[in-house]
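For reference, the chain that follows is the form predicted alone, supplied as structure tokens.
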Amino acid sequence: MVGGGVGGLTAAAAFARQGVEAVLIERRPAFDIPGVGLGQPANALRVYDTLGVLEQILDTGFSYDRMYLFDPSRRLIVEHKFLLGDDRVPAFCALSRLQLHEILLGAAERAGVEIRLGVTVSEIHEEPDRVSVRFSNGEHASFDLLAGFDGIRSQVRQHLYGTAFVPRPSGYGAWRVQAPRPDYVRGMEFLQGVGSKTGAMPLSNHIMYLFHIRPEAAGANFAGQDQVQLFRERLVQYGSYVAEIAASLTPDSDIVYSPIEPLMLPWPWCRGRVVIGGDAAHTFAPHLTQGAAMAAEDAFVLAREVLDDDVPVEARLIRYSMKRYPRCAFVYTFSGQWLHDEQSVRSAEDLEAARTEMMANASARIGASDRILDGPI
């Protein structure tokens, strides 16, 4: 496995738990994963349950079953109860990215995965029944299968497709920062503004993260700038806890900015015995909080299909791609449309029209997504 994120760790653990000798490489020298938090929906939690870590995730994170849509002053527009989960698996459990990675790393290590840090792939050579790899440290090895879960700038995807399929700037970016959680923030919240959207996701009884999505120039890089002032300026129209957090920001606040760069790779996501999944194959607008979940599902389905040895490996990888593409394409399309709709609110009149439309349709729309994503993978 190339890449030690959610997808790579899940895939490595899933293979190793079935007795497969799995090696995972990660370019970082340590698993000090950057990022703020991840909401994990029921479909992802069911995958983690197969790795034996569901209870650990639930004990660590914050579970919730509702989404709230508000106006900029946090006046309620819609409350939606998710149609995800069951008596055992909650609709959502959110936790910090680092906590989720530590849990999945533990699952991989217990399963016997060999983990190599500070190394990546330099060369990939495909042979009839093997894949030979030269690592960045000069070592060579060969494998029955090479799976790239190596992120949005995937080297394995580049090996397969060159620059034919790469993420493109959407013209929007996401700002995030952790903050204390008020007791009244009990689930995922969106505050629809004029020209932007903000909101929060609880990560524990005490912590949540604030997010903000708005147009940003392609290639924008705010490193070295006064991010506190920039973030405050972007949040000025919002009230309630958003205004309180904006006022409390200091130079020590760990503000994270990332561009939204969607990608949906056509299937097949493979050639011969080389295959990709997760952000290497698809990245989404964050609105359904399904990015990590789709990576986890990819990993689960990849292991399931590859270990079903009724046909040659190459055919199993094609089958994996065909099964994953429609579900990921749905998330790509649905989240992209949501991004477009919210960011088209450009005036007070647009905001009032959006309020009316959301009151009429938002819960039904999200419910349709819930029913699809809560189904079998």
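Just so you know, these numbers come straight off a predicted model, no measurement behind them. Residue positions are given as counts along the sequence shown, with the first one as 1.
The next section is about a form of this same protein that is not shown, the form predicted in complex with a small molecule.
- Within 4.5 Å of the small molecule in the predicted bound form, a heavy atom is found for not a single one of 75, 194 and 369.
- Using a 4.5 angstroms threshold between heavy atoms, residue 209 counts as touching the small molecule in the predicted bound form.
- At the 4.5 Å threshold, heavy atoms of residue 25 reach the small molecule in the predicted bound form.
- With a 4.5 Å cutoff on heavy atoms, residue 198 does not count as touching the small molecule in the predicted bound form; it lies far away.
- Using a 4.5 angstroms threshold between heavy atoms, residue 220 stays clear of the small molecule in the predicted bound form.
- Checking 38, 69, 51, 331 for any heavy atom within 4.5 Å of the small molecule in the predicted bound form turns up a single hit: 38.
- Only one of 262, 85, 291, 187 lies close to the small molecule in the predicted bound form, with a heavy atom inside 4.5 Å, and it is 291.
- Here the chain stands alone, but in the predicted bound form its contact with the small molecule, taken as any heavy atom within 4.5 Å, falls in 150-158 among 150-158, 302-310, 241-249, 123-131.
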